[in-house]
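Here you'll find one protein chain in two forms, each presented separately as structure tokens under the names structure 1 and structure 2.
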Structure 1
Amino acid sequence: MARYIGVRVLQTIPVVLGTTLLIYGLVFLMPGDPVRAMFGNHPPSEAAMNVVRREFHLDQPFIMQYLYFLKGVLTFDFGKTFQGRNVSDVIATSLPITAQLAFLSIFFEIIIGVGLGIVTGVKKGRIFDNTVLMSTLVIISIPTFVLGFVCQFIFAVKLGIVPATVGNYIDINHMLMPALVLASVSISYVIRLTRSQIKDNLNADYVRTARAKGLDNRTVVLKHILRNSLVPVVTYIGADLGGLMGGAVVTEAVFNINGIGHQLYSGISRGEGVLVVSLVTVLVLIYIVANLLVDILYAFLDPRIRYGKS
């Protein structure tokens, strides 16, 4: 197990380097002068702007700018934004907000997605099963920002059940609707994936053997079918954690949440390469760690998996 974890950790190094280099290159190739855009319609003299360019290494070639960034990452110094704020402070402020949103979404995926997936898998072909399947298809087909605006209009404006936006109020009452909107598509996929796995395992040989031994249906489903069915579901949910944190840009914009997505959008708009790549690096690391934890969790869900040969 230790060897497997070590190999996986080493494999993350080229992934992080490749991802950050790609994102940094895309930001670097964006048209326009970020320093000039920073000052708006009243830019200072060219000499003053050159001082700012030297401070942020914008007068250096692309590869030198990237190497300066890597040096800062290794020393835990992500540099400063164009407004003079430490990037580390931006991450420390916005990351917990997006993490709370993502983990709340994951919670809904597990409770609603897996729960309805089990019920529809066991009751396949019935009215409840068909209704849930049709509902998931509708939700998957609706873009997230459209669903967000619809939920705002119905549940916040018309019914007044929940607040329309989050702003500075980071609590369960304000985060409930954004988390459900963010998780809506993932919940639909988890329902369909869990249902499919339950349905396939219901007719497996080991299930017939368990029933022949006289085990009741509840024991067969929970102790035999569910354990074997959850491996691909756990894979999806674990990988989706990074996807939810990175994909929260639209949801955070709709509900006015000052998280990583909001900062990422602002950084791209201003052409701040250091800020954008720093945020992406954090998201990549979270994604990699989540997938590593999922791989380790496989051993507890499926004893047939061996990590000796990786």
Structure 2
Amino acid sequence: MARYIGVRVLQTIPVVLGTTLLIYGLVFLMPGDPVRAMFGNHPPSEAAMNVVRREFHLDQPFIMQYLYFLKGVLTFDFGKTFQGRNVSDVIATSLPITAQLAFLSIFFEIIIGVGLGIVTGVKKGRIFDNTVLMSTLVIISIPTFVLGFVCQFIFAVKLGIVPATVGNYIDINHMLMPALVLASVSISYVIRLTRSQIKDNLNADYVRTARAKGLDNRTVVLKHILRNSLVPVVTYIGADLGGLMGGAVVTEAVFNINGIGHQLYSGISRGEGVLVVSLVTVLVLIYIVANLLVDILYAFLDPRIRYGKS
């Protein structure tokens, strides 16, 4: 077990290095002079700008700049925004809001996604099953922001049962609709995955053996089928955290939530490359760590991995 965790942690290191290098490479390639951009329309003298360049190591070769950047990432020092705020402060205030949104979404994924997946998986070929399956496809094929608009329009504007935007009100009442919208696509995938896993496992040999022992249907479904079906679902939900981070950009823009996605969105619209890249880096790192945790959880769920040789 310890060996397995060790190997997974070691495998994560090149991925962290690779992703940060990739992202930083993109900043490096970015057209225009970042220092000039920083001062906007009133550039100071070339000498003054050189001082700034030296301060930010912009006069050094790419690989050195990357290492400074990496050091910044590790010490949580990302530099400043155009308005002079520390990027790390921006992250510290906005990340918890996004985290709340993401956790609420994952909660819905588990409750609705796994729940409906089980129901549709166990009952085969019914009208209910087909309706749910069809709905999941429709949701997958509508862009999240359109779904957000439509929900806003129907539930907030026309029916008035939930607030249309969140703004500074970070509570369950305001976050409910955004979280559901954010989770919608993932819920659809979770339903489909759980359903197909359950269907596969329904005909598995060991399930027949469990029935032959004299177990009742409830125990067979809950103990044998579900446990085995959930292993890939857990992996999916973990991997989906990345999707949620991406989706948060859109959802936060639609519902006006001041999370990290919103910062990213405004960073894009203001053309603040450094801010955008820093935020993306943080989200990617969170995603990688989350995946690592899921891998470890996976080992707890599946003894074959726990005791396997690496």
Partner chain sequence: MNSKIEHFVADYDTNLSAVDQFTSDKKVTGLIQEAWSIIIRNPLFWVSSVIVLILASMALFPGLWSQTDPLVCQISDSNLSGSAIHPMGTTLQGCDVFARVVYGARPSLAIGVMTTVIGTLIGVIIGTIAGFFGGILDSILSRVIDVFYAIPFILAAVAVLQLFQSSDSIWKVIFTLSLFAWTSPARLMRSAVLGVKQQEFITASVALGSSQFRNMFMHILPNSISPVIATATINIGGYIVAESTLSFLGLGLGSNSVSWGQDIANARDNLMTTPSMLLWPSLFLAVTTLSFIFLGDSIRDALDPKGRR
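Residues are numbered by position in structure 1's sequence, first residue being 1. Just so we're clear, the structure is a prediction, and the values are computed from it rather than from any experiment. Heads up, when I say rigid core I mean the largest set of C-alphas that superpose within 1.5 Å between the two forms.
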Check your understanding: Is the form predicted on its own shown as structure 1 or as structure 2?
Key -> 1
Check your understanding: So with the core overlaid, does the Cα of Gly72 end up 2 Å or more away between structure 1 and structure 2?
Key -> yes
Check your understanding: Comparing between structure 1 and structure 2 on the rigid core, is the C-alpha shift at Asn50 2 Å or larger?
Key -> yes
**Study point:** Displaced residue check between structure 1 and structure 2: Ala253, CA, 2 Å or over, core reference
**Key:** no
Practice item. Quick one: how many Å does the C-alpha of Thr19 shift between structure 1 and structure 2 once the rigid core is superposed? Key: 2.5
